[in-house]
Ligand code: NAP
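The chain below stands alone and is given as structure tokens, in the form predicted alone.
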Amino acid sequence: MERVGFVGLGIMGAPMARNALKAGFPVTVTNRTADRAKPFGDAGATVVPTPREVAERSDIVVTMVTNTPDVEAVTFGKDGIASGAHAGLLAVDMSTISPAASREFAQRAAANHPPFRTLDAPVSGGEVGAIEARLAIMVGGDAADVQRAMPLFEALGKTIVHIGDHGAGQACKLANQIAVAINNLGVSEALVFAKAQGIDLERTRSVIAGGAGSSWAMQNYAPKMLAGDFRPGFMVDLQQKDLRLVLDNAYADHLSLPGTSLVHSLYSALQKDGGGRDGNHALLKVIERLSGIEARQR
């Protein structure tokens, strides 16, 4: 069984590393905040201080960090993965970053001394999907590398699709984020409208979730919205980071994405009011304020 390393043990990376351990992989971990890595040592993982040492001890290294500069830093920076690379190393970035950057990082990895392989494999499913090992994984890179990583992917997720060449996984993830954000807006408006009409919110949510208006957000986020539970499975700040990537690419390609632009603006209002670390389903708060109606099930 291949040795697996994890760089980044946040909301998503930590449960993913636990699932790799449960599947029997020898696991090495590191995290910028060292205290988050300590419980993994108790669970049987090897804890090291740098991504370089993770790479030295691993056959496959997973990065799950915040943004494009962070991926570059842990991969090519001081004591990064590249400095610990060895023959056969496969670096799998499961963060959500720029597709263009993923392609560039693949080229830099191939030119490294020694060279190493890369995949971009961002995920969807949020914290619950990570905990329950039922993530959707969208993969970009060479087919042989995808096949090699498949046992690890199968320990982390349920829907695993090789989208195409390097960067294709990231492009697919950004398309996913468009759908996620606009679905959140639709759920928020539906609940506020139902409240204004004076009908029972949970019954309304339940029947919509069983019909043509259903979505993952209606099934999973709407109950939290109605309970006023805005703890993050995926933070607003991260949602906005992804939507900015979408809009940057859309601008470069002269695409019109009016729904994405609108929901990005609404999330900006939520950030302005201090909601950046709320879950992305907190978009409901913005629609409530605009309408002067609180859509909560008491």
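None of the values given here were measured: they were computed from a predicted structure. From 1 onward, residues are counted along the sequence shown.
What follows is about the form predicted in complex with the named molecule, which we do not show.
Engineer: E56: heavy atom within 4.5 Å of the named molecule in the predicted bound form?
Structural biologist: It does not: once the named molecule is placed as it appears in the predicted bound form, E56 has no heavy atom within 4.5 Å of it.
Engineer: Using 4.5 Å between non-hydrogen atoms, is V65 touching the named molecule in the predicted bound form?
Structural biologist: Yes, V65 sits close enough to the named molecule in the predicted bound form that at least one of its heavy atoms falls within 4.5 Å.
Engineer: Does any heavy atom of R36 come within 4.5 Å of a heavy atom of the named molecule in the predicted bound form?
Structural biologist: Although the named molecule is absent here, R36 would touch it in the predicted bound form, with heavy atoms inside 4.5 Å.
Engineer: Please check if F234 has a heavy atom lying within 4.5 Å of any heavy atom of the named molecule in the predicted bound form.
Structural biologist: Taking the distances in the predicted bound form, the answer for F234 is yes, it comes within 4.5 Å of the named molecule.
Engineer: Can you pick the one in V74, V187, A91, M225 that has a heavy atom within 4.5 Å of the named molecule in the predicted bound form?
Structural biologist: When the named molecule is considered in the predicted bound form, the option within 4.5 Å is V74.
Engineer: Quick one: which of 103 to 111, 143 to 151, 121 to 129, 198 to 206 gets within 4.5 Å of the named molecule in the predicted bound form, going by heavy atoms?
Structural biologist: Of the options given, it is 121 to 129.
Engineer: Pull the contact list for 95 to 115: residues with a heavy atom within 4.5 Å of the named molecule in the predicted bound form, in sequence order.
Structural biologist: The stretch 95 to 115, when checked against the named molecule in the predicted bound form, contributes S95, T96 at the 4.5 Å heavy-atom cut-off.
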